[in-house]
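Presented below, as structure tokens, is a lone chain in the form predicted alone.
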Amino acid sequence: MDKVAFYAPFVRGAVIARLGRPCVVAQAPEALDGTVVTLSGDEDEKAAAAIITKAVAETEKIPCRVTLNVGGRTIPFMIGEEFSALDWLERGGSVYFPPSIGLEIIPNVRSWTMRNRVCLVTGGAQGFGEEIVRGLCEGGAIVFIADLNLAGAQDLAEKLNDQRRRSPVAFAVEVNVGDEASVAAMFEKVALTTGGLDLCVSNAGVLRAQPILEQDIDTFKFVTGINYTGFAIVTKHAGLLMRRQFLGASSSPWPTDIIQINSKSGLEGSNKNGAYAGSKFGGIGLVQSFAKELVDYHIKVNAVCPGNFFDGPLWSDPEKGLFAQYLRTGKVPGAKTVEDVKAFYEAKVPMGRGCEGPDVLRSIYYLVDQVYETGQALPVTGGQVMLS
């Protein structure tokens, strides 16, 4: 791992503990006056964190500049709230502490919950993922848009950053969540860019609806590999980054969150859709297990279980969408058209509509804001599925 990516979370954790709020920690283009920390470069995580935390805690001025001297190599960092966007970008930097902005598209959410947090959303270039990315940015967060569709992620990031003019808040990163090397590289980029991470939304997923008697088992493995194993891979590497940040915070740790976007199919079986439902059931088992394990590092792990997002590509794509798949497989008796299938599923929801982006965003805000909940699977189903 790159030395900067290894040490940056310790610095960010120590600075957050001192400031009492999230911030960006980015490598400075040149050495500057400020807190200097000397390390040999051979320390393990706990030892490195202890040295950095002590130095930052003892500095008289709340640090805006921290320089590490690691075995003779100088690694300078700057804390995002010291510099203006224009000055920083002109000096070759890539990150800015975003300004306070409103929550126009998410009424009634807590206005300070996401302010200046660093977030990452897998599968963030389209569908629910795009809705989540947009909502987090509107809440004042810095968001990494992680997707196998890099062009789509870049396009979305460009649009969001254009809206912020000189204050970039979105960064595209390519990832295949089923490939551990790809996921590890993604989180290394996060550490190099912002110093650490506050929220990881594991949203990437796939669905191939078929009866088990007809489904090719390689297809079954593909679905579970992305939805179940992919979530485990993302959690592992997000957790490693968050743990280093936690160790840097020492006695004043900043709580962090991993949230899986699960499904109502993770709460009840799904006819002729066993691979998907099974992977989502398994995901909740992972959420509960990871929550117990990672709580020692103040990492909360929860799941959001949305109902059907009828207007997104997962359902509405004319070729690959669920409405088209269910029509082809005869999952809805008597359905002759895609519209018949959609009407059938809308009638199942007591609220009379499908789940929408703001519904999921409110649940994410709640889980982040609620510091006493971990290991939960929160239904957002319009009353279609209720916990018992």
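Remember, predicted model here, so these are calculated numbers, not experimental data. A residue's number is simply how far along the shown sequence it sits, counting from 1.
Omitted from view is the form predicted together with a small molecule, to which the following refers.
The small molecule contact in the predicted complex: residue 244, any heavy atom under 4.5 Å: Looking in the predicted complex, residue contacts with the small molecule do not include residue 244, since no heavy atom lies within 4.5 Å.
Heavy atom of residue 193 within 4.5 Å of the small molecule in the predicted complex: Contact check for residue 193: no, nothing within 4.5 Å of the small molecule in the predicted complex.
Residue 171 within 4.5 Å of the small molecule in the predicted complex, heavy atoms: Result no; residue 171 lies far from the small molecule in the predicted complex.
Interface membership of residue 276, the small molecule in the predicted complex, 4.5 Å heavy atom rule: Yes - in the predicted complex, heavy atoms of residue 276 and the small molecule come within 4.5 Å of each other.
Every residue of 23, 63 and 139 near the small molecule in the predicted complex, heavy atom within 4.5 Å: Not one of the three qualifies.
In the predicted complex, the one of 282, 313, 253, 76 near the small molecule [non-hydrogen atom within 4.5 angstroms]: Checking each option against the small molecule in the predicted complex, the one that comes within 4.5 Å is 313.
Sole residue of 240, 295, 206, 184 within 4.5 Å of the small molecule in the predicted complex, by heavy atom: Flagged contact: 206.
One stretch from 154-162, 295-303, 267-275, 173-181 that, in the predicted complex, holds residues within 4.5 Å of the small molecule by heavy atom: Result for this chain: 173-181.
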